[in-house]
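Take a look at this single chain in structure tokens; it is the form predicted alone.
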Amino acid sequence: MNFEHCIRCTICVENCPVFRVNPEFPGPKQAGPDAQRFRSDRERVEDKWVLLCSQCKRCEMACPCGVEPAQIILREQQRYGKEHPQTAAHLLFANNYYLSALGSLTAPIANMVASTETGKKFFRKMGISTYIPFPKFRFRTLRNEKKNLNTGIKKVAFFFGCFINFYRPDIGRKIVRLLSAMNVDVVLPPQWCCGLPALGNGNLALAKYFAQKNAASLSNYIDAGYDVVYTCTSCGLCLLHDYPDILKIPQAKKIAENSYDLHEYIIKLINEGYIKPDFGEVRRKIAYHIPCHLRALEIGYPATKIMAMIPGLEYEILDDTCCGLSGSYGFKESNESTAVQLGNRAISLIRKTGAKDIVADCGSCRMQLGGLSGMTALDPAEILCESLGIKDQKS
């Protein structure tokens, strides 16, 4: 654990969104490397403030010495979760995959309950925040799709993630059609939650269980000549970074070497000369919010390279703010003030652009920014599909 190189620099603290608005959090330097010098595996973790870290990874992006404060804090969050009773909110969000599956099966009832004041009071009693609307469950998930829409030379195993599967399968179907239109054979491999919600809520064993199942499935497809494509930046970060580093998954290196962000993959196809998409005009002015985990992937902003090819599209990149939600982090009442303050800061900058719509790669960012602003929040793939005339066709 490389914390010795952290001496006097406080760049990570200056880049920490939580430290900016929550005085109870001592910052990534103090909570990570500084505190690590005094921690012992033989003593209980009593630093409850480690739970205030949202794992946005901005500290690690800022560090000039390669220290990973967020990774150090994440390990302590795991220890804290083992050694202390879990709150109802932590237990629920760690098992978000199973709860979402149940919500999807009972979608009309679950959505109705979540939208009522009685339902919201029940959630608040469990420590779950209700300041933005909950996303609507969808009965017909993407996982139930069986079609392979093409037999192209390029082959992709689409890791679509929980948000698209349970809440926005329409976006997932558009992405399948988008790749199919680019002469790519798309399959939907057996998959489970990436494990990040369990990891972020102190259940290392469950996170590892999900990771092992996903790794076994994806590894088989890679061996059969498929590339893995993900669309959720948080899922991608978990696959590429947490599987090898925290969860120690044996197939992690193979998965990392063969996995691509959706827009990164499309750029790859364009650069190889495999496709020459004819983008149509899109008359929109959008604010493109860069998710923290897209920055942490260190692949640049590939969607912007495609947006630049779309006639009529105006966009402004906003990469200096965190939306504040950070998956389940902002849905805990204990973090609500932090999440709202950060979200409102991001929205104030978005409004200054004069944009009509928000675009973000992360479903969590779209929930937060759309919920707080009342603006339409889109996935970048929806802009691409609009340009190419690709719609969700339900069957």
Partner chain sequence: MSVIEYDVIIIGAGVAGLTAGAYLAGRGFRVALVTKGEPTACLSTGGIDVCSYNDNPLLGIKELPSDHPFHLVDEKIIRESLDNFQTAMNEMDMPYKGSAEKNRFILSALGTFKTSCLVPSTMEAAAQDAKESIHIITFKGLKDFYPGYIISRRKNAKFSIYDAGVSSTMGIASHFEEREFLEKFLLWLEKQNIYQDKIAFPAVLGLESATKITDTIAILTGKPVFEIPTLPPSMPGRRLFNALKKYFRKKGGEIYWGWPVIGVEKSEKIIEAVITSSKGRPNSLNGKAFILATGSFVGGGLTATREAIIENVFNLPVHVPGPRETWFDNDYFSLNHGIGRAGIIADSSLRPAGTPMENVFVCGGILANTEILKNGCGHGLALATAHLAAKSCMEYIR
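Numbering follows the first chain given and starts at 1. Owing to the predicted nature of the structure, the values given are computational and were not obtained by experimental measurement.
Keep in mind that the form predicted in complex with its partner chain is missing from the display, and what follows is about it.
Undergrad: Taking its partner chain in the predicted complex as the reference, which of Tyr97, Tyr167, Tyr80, Tyr301 has a non-hydrogen atom within 4.5 Å?
TA: Only one listed residue qualifies here, and that residue is Tyr301.
Undergrad: With its partner chain left out of view, choose which of Ser129, Asn258, Ser217, Ser180 has a non-hydrogen atom within 4.5 angstroms of it in the predicted complex.
TA: If I apply the 4.5 Å criterion carefully, the residue I get is Asn258.
Undergrad: With heavy atoms only and a cut-off of 4.5 Å, decide whether Lys136 touches its partner chain in the predicted complex.
TA: It does not: once its partner chain is placed as it appears in the predicted complex, Lys136 has no heavy atom within 4.5 Å of it.
Undergrad: Taking heavy atoms and a 4.5 Å cut-off, does Gly354 contact its partner chain in the predicted complex?
TA: Close contact is absent here: in the predicted complex, Gly354 is far from its partner chain, nothing within 4.5 Å, heavy atoms only.
Undergrad: At 4.5 Å between heavy atoms, is Ala62 in contact with its partner chain in the predicted complex?
TA: Contact check for Ala62: yes, within 4.5 Å of its partner chain in the predicted complex.
Undergrad: Test of understanding: in the predicted complex, would Leu91 fall inside 4.5 Å of its partner chain by heavy atoms?
TA: Residue-level check for Leu91: no, no contact with its partner chain.
Undergrad: Are Gln86, Ser115 and Lys248 jointly within 4.5 Å of its partner chain in the predicted complex, each by at least one heavy atom?
TA: Contact check failed for every one of Gln86, Ser115 and Lys248.
Undergrad: At 4.5 Å between heavy atoms, only one of the stretches 354 to 362, 43 to 51, 64 to 72, 331 to 339 reaches its partner chain in the predicted complex; which one is it?
TA: Selected range: 64 to 72.
Undergrad: Counting only heavy atoms, which residues in 294 to 326 are within 4.5 Å of its partner chain in the predicted complex?
TA: Going through 294 to 326 in order - heavy atoms within 4.5 Å of its partner chain in the predicted complex - the hits are Arg295, Ala296, Leu297, Glu298, Ile299, Gly300, Tyr301, Lys305, Glu316, Ile317, Asp319, Asp320.
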